[in-house]
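One chain follows as structure tokens, the form predicted alone.
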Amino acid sequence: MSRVIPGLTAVSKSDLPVLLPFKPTPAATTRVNFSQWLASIPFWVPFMIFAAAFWPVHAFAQSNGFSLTQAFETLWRWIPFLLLHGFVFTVIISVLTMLLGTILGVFLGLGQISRNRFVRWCSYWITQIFRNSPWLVLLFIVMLSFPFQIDLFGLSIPVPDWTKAVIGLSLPVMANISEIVRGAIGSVPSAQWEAAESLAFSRRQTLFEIILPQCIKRMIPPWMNWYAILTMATPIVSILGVEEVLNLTRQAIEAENNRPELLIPFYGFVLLIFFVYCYPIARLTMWLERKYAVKL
């Protein structure tokens, strides 16, 4: 007769509290960022909002003798100008701003992990100052402090307003990219540093050949998220006279005798082109975030 051994040949039973085996499950985290919010909006929502505005515009237009059809015919004539001379220029400003902010932010982020205490202290406070400053205030400071032209060796080099806008917008972008770089480097396990040190790698070799290559894929999603934020914030440069899409839209309405019936069609069109440009970026950001997420 076989012997019954609880827990081995039979299911063990006990009235005592038993600690069940631990089953690791990924922690449920909620990331609130611009790309996630934008990507969560169904693509048809802006079009429905735009369509919902038709009726009040139509009623107001009929009462003023300027039909809705005429309003959209007017918009249709201005669309090539708004796209080619306005929105394309807005995209160029955002791309140049992101490029300059990324270059400066990488150096500033590396400065935050420097072994030199003074460099680390300066990099930290530069990051915090520009990260927590209003973008419009920084734009005004740059616009008012930079000269209209630079005289160098008898040669006058003009400094256009859009160049100042790029510099002004790149400052907060630089600070946020700095935090992205610092956070990505800090997310790499310390064992990577210890293994490199045991193999007699210098700090420079460890950083540029082992750590940073692992950080690139972690930095891409937040980097793209900040590019989407920057693109949506670029129209604020119109306040300072830079002729981007929002400024040109206002000029187009003024050229059509400032008819109030044109406000919603024109500014609604600006909303749509920004959404059409930024929505795919938001979707791609979320896809990259899932792809490069650290698997636990």
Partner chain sequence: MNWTPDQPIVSLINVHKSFGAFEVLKGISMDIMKGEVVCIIGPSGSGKSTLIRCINALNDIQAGSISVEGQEVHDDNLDKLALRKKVGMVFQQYNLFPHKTALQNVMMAPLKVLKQNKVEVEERARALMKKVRLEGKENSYPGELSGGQQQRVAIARSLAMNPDVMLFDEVTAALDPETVKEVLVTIKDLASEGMTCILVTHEMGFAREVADHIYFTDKGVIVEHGPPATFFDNAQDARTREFLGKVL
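Positions refer to the first chain, counted from 1. The structure presented is a predicted model; accordingly, all values stated were derived computationally and were not measured.
Although not depicted, the form predicted in complex with its partner chain is the subject of the following passage.
Handout entry: Contact of residue 74 with its partner chain in the model of the complex (heavy atom, 4.5 Å)
Key = Answer no; every heavy atom of residue 74 is more than 4.5 Å from its partner chain in the model of the complex.
Handout entry: Contact of residue 214 with its partner chain in the model of the complex (heavy atom, 4.5 Å)
Key = Yes, residue 214 sits close enough to its partner chain in the model of the complex that at least one of its heavy atoms falls within 4.5 Å.
Exercise for the section: Although its partner chain is absent from this view, report whether residue 128 comes within 4.5 Å of it in the model of the complex, heavy atoms only. Expected result: The answer is no: residue 128 has no heavy atom within 4.5 Å of its partner chain.
Practice task
Using a 4.5 Å heavy atom cut-off, state whether residue 145 contacts its partner chain in the model of the complex.
Solution key: Judged by the heavy-atom cut-off of 4.5 Å, residue 145 is well away from its partner chain in the model of the complex.
Problem - Sole residue of 187, 198, 132, 156 within 4.5 Å of its partner chain in the model of the complex, by heavy atom - result: None of the other options qualify; the answer is 198.
Problem - in the model of the complex, the one of 103, 150, 88, 191 near its partner chain [non-hydrogen atom within 4.5 angstroms] - result: Filtering the options by heavy-atom distance leaves 191.
Problem - Region of this chain that lies against its partner chain in the model of the complex, out of 80 to 88, 172 to 180, 204 to 212, 137 to 145 [heavy atom, 4.5 Å] - result: Looking at the other structure, the answer is 204 to 212.
Problem - Residues of stretch 141 to 165 in contact with its partner chain in the model of the complex (4.5 Å, non-hydrogen atom) - result: Counting only heavy atoms within 4.5 Å of its partner chain in the model of the complex, no residue of 141 to 165 makes contact.
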